[in-house]
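One chain comes next, on its own, written out as structure tokens in the form predicted alone.
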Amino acid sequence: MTHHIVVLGAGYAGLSAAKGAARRLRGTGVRITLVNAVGHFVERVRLHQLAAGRPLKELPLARLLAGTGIDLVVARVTAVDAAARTVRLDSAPYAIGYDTLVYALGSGADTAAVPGAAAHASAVATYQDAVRLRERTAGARGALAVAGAGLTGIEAATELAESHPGLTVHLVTDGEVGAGLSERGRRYVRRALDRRGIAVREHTRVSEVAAHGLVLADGGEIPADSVVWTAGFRVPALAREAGFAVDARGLLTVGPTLRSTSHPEVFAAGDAVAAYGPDGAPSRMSCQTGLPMGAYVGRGVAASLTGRALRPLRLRYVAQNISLGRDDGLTQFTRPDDSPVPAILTGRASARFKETVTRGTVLVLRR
């Protein structure tokens, strides 16, 4: 029988895994199916731009997969039956059998973190999130609160403040803005926020999201017509429900070759994986992590079918790129373990550098 590889998710990790495996297994008779909820590739690193009203270039998956021999199924995964080795979908063909599974379903906004966030807040974690936020803030005036001041929150706040000058933007965090950056990096981000008139509230915990804004743990409130929730991400419950070994966060646990610790026929890559860097810390959820993970899994799947050995994955980082509006940015250079060094690149030069990297990523996925 033909060996069937099913890849769940066509983000940075899933798409690179599928195409990498297809390239290495060409001519072997192996069949590869890629399942994704939408029919286009989503540049997640640009979703803050989409939310602020900037159009994104269409990247149909059918075009990106042309000539690879990969079958594309546009459907949402509803369950995985690990015993039967089948994936259930919300539309035809409704179920797909697999011999090898690549789990790369990514992550979404953790709107379950506080009461009211799911009902009253928008997010920028998915394409649909960004479209809804764009529609909600189109022509808006008044106040907007961004809860969470990690890289996603900073990018969303600065982009929305720049594109909607009638908005008063608040950035609220229970920690420090840009906590993972160097001191120079944090100073630059603070100045960028100040230039755009963004009101920053640090060391402020949100206890509830209400229709009128944020309710704070100290009893105070931040009135807002719209709330953007960027305070953390969570993964789908599908891996846990399937019986795959997961950690406390629901991330699929894998060995050094990104193979499930409980189901050896399952590989995983991207945000949904409990992978760790050289210092033992969890890997950062980003395309800078997902892309090399996906490429590695593509090699790993092929190696498992051809009897070749594979060295363990080593995640190594170079920099963090942060958009601070259309013509401003911060590039924080890092050590291989992702810890910051004093060196930074700022302003237009950083914005151009990030644009080059982003376009280069799509070029890599095309090829």
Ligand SMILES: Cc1cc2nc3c(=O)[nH]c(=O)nc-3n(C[C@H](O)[C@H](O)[C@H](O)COP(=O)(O)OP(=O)(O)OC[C@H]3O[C@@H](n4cnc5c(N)ncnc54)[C@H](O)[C@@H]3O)c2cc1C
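Nothing here was measured: the structure is a model prediction, and the numbers come from that model. One rule holds for the numbers: they count along the sequence shown, beginning at 1.
This next part talks about the form predicted together with the named molecule, which is not shown.
Contact with the named molecule in the model of the complex, defined as any heavy atom within 4.5 Å, is confined among 186 to 194, 171 to 179, 124 to 132, 207 to 215 to 124 to 132. In the model of the complex, the named molecule sits within 4.5 Å of a heavy atom belonging to residue 75. Within 4.5 Å of any heavy atom of the named molecule in the model of the complex lies no heavy atom of residue 21. A residue is said to contact a partner when one of its heavy atoms sits within 4.5 Å of a partner heavy atom; residue 36 meets this definition for the named molecule in the model of the complex. At least one heavy atom of residue 285 is located within 4.5 Å of the named molecule in the model of the complex. This chain lacks the partner; the member of 105, 160, 144, 254 within 4.5 angstroms of the named molecule in the model of the complex by a non-hydrogen atom is 105. With contact defined as any non-hydrogen atom lying within 4.5 angstroms of the named molecule in the model of the complex, the contacting residues in 140 to 160 are 152, 155, given in sequence order.
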